[in-house]
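Here are two versions of the same chain, shown separately as structure tokens and labelled structure 1 and structure 2.
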Structure 1
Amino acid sequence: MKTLKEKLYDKIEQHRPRIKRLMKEHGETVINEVTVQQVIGGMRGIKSLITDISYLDPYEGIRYRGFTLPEVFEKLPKPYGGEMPCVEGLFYLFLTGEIPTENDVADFIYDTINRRQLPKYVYEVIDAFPNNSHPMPILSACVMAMQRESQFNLRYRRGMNKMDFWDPTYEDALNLVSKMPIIGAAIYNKLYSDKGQNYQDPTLDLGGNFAYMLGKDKPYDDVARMYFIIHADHEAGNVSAHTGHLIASSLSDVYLSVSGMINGLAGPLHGLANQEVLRWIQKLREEMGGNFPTEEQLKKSVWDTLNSGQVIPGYGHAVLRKTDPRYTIQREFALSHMPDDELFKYLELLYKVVPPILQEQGKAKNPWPNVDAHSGVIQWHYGITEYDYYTVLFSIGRAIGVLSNIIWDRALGYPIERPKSITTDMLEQMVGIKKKNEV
């Protein structure tokens, strides 16, 4: 039986001629036009990135390697007694495009267990941060600190054939995917636990071991698996995925790239939105004085938020135009595991109330909830009540997609990214507002 790495190499060899042919025979073919609105508006919708790991359809949501999220959850092998699939199986799917067997996943987990140990200096980096620090910069700093471990750098310095770049990148990526949950758990235990650091359980998969290190009982292991899987990838143009790819395109190693990815994810319009949602719902609850709101009361609160110039956190999306399937998967989990949770009931009522209000207001292109609308409430239910931490969980998941992409970027020899910028004067001249050379 072939190892994951051998299988990946076969796939790489099969894929390389496709990119070569596209470049050679169709390099000058136009596939896109660019409007002024797109140039000023954050490059929305410009088809200028390539990835085979995932694709986001505005109405269907994300597909991982062609599989919808419900298919991914149904088909990937699950650990013994688990309801959610092993995260390792997702990484295998991302890299090869194939659903692994139970044996494939078991072998892969075996390969990652030895990679989970953190160097001692990573704990020292965590300890060096003041206790009231946000966990995202700590996570970013820990990943950066490990840059000295990069096998890619070592081999690059010694001189390496371009065709082999993917190989040490694969080793670095596996090391980092294995270590990220351990760093995440160590940060949690340092900032929020009075029991100190926990040991690992090497008999468990990534999600199970993470729950164990956090000292959480079942079904939190399934919550962790679900959470890491739904956050793993959302095609290439979102801030975290694009940042990771962009940095790696200069041949910076995966540690530098993933640290940048984490920093992009830490913005309130991106990964930090999940903590904003919970903060907002808790505030609503306080305003209700402990009584569960009526539909009318909740409508008024939503309008008050909008009228004060704020966004409704967890709603809207730059690409999606329907309810995010990542929201739906969490909702189904909550319906079966925590239907009576008060905050979940808030979510259910908001799901009814917010979309018509956003439609009536007429600004948001997508009035439906996104992934972040739900995730904090589930974490809260299982005792992870420190909002700031939620984006760390998101980062552990997102790293799986970003690292898979970087391995493939190296394998296919994608070049350094360098789009062209122009000045406002030039843009005005291009559309005829100003004459050429007029300033």
Structure 2
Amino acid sequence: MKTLKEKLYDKIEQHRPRIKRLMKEHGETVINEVTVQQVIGGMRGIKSLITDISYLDPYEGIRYRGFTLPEVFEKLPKPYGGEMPCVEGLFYLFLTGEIPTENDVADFIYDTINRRQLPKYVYEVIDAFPNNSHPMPILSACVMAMQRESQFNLRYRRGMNKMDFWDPTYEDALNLVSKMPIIGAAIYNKLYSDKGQNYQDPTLDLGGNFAYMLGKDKPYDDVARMYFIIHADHEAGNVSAHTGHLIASSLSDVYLSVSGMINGLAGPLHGLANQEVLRWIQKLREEMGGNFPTEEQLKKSVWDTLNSGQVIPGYGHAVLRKTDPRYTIQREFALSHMPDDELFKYLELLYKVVPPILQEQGKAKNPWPNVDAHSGVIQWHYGITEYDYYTVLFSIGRAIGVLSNIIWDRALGYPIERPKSITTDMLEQMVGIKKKNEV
């Protein structure tokens, strides 16, 4: 049976001619038009990136290698006694486009276990931060500190055919994806917990070992698997995925690239939405004075929020036009494991109340909940009550997709990214706006 790396090499050899043909025969073909609104508005919707790892379908939600999320959760192998699939199986799917067998996943887990050990200096980096530090700078610093471990850098300095760039990048990526949950657990234990520990259980998969290191009992191992999988990728244009791709396009190693990804994810417009949802729901609960609201009371609170010029956090999406499947997967888990949780009951009533109100208001293109509407509530239920840490969990998951994309970027020889910018004067001239002294 072929190893993952051997199977990936076969896939790369099959894919390279496709890119070469597109460039040679269709390199000048126009596939998109750009508006002034897109130029000024953050390049939203401009088709200018390529990834085969995931695609955001407006009606199906995120697809991983063509599979919908429900299909991914159904088809990927699960650990013994586990409800959610092994995260390692998702990485295999991202790299090959194929659903792995149980033996494939077992072999991959065995490989990653041998890569999990952190260098001593990484723990020293963690310990060097003050106890009141935000966890995201610690995570970023730890990943960047490991840059000295990069096999790509070593082989690049010695001289290497560019067609082989993917090989040491693959090794670096597996090393990093194996270590990030260990770093995340060590950061949590330093900042927040006296119950967790830095010892690992080599018999467990990535999600199970992460829960073990945090000192969390079942079913938090399944919560970790679910959380990492649903956050693993979201096309190539979001800030974290694009940042990782952009940095790697200069042939920076994966440690520098993922550190940049983490920094982008830490921004309040990207990775902090689930915190805002949780704060808003808890504020609602305080306003109710400990009494669970009626449907009419909740409708009034929602309208009050909208009429004050605020949005309902966790609702709406730039692309989706239905309930986010990542929300639905979490909801099904919560219905099974925590149906009586008070915050979850708020979510259920909001799910009933908010969409009709947003439709009546008429401003939201998508009145349905997204992934962030649910994820914080589940973490809170299982004792992860430190808001700032949620983005670390997000980062561990997102690294899986970013690293998979970087491996394929190197395999297909994509060039350094360098879009062209223009001045405001030039843009005004393009649309026919004259300056006052020209009128």
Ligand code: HAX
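Residue 1 is the first residue of structure 1, and the numbers go on in sequence order from there. In this text the structure is predicted, and so the values were computed from the model without any measurement. We call the rigid core the largest set of C-alpha positions that still match within 1.5 Å between the two forms.
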| query | finding |
| --- | --- |
| Structure number, where the criterion is the form predicted in complex with the named molecule | 1 |
| Gly159 C-alpha relocation of at least 2 Å between structure 1 and structure 2, rigid core basis | no |
| Rigid core superposed: Pro355 CA moves 2 Å or more between structure 1 and structure 2 | yes |
| Residue shift check between structure 1 and structure 2, rigid core fit, Pro130 Cα at least 2 Å | no |
| For Lys365, CA displacement between structure 1 and structure 2 after the core is overlaid, in Å | 3.5 |
| Rigid core superposed, the C-alpha shift at Gly196 between structure 1 and structure 2 in Å | 6.2 |
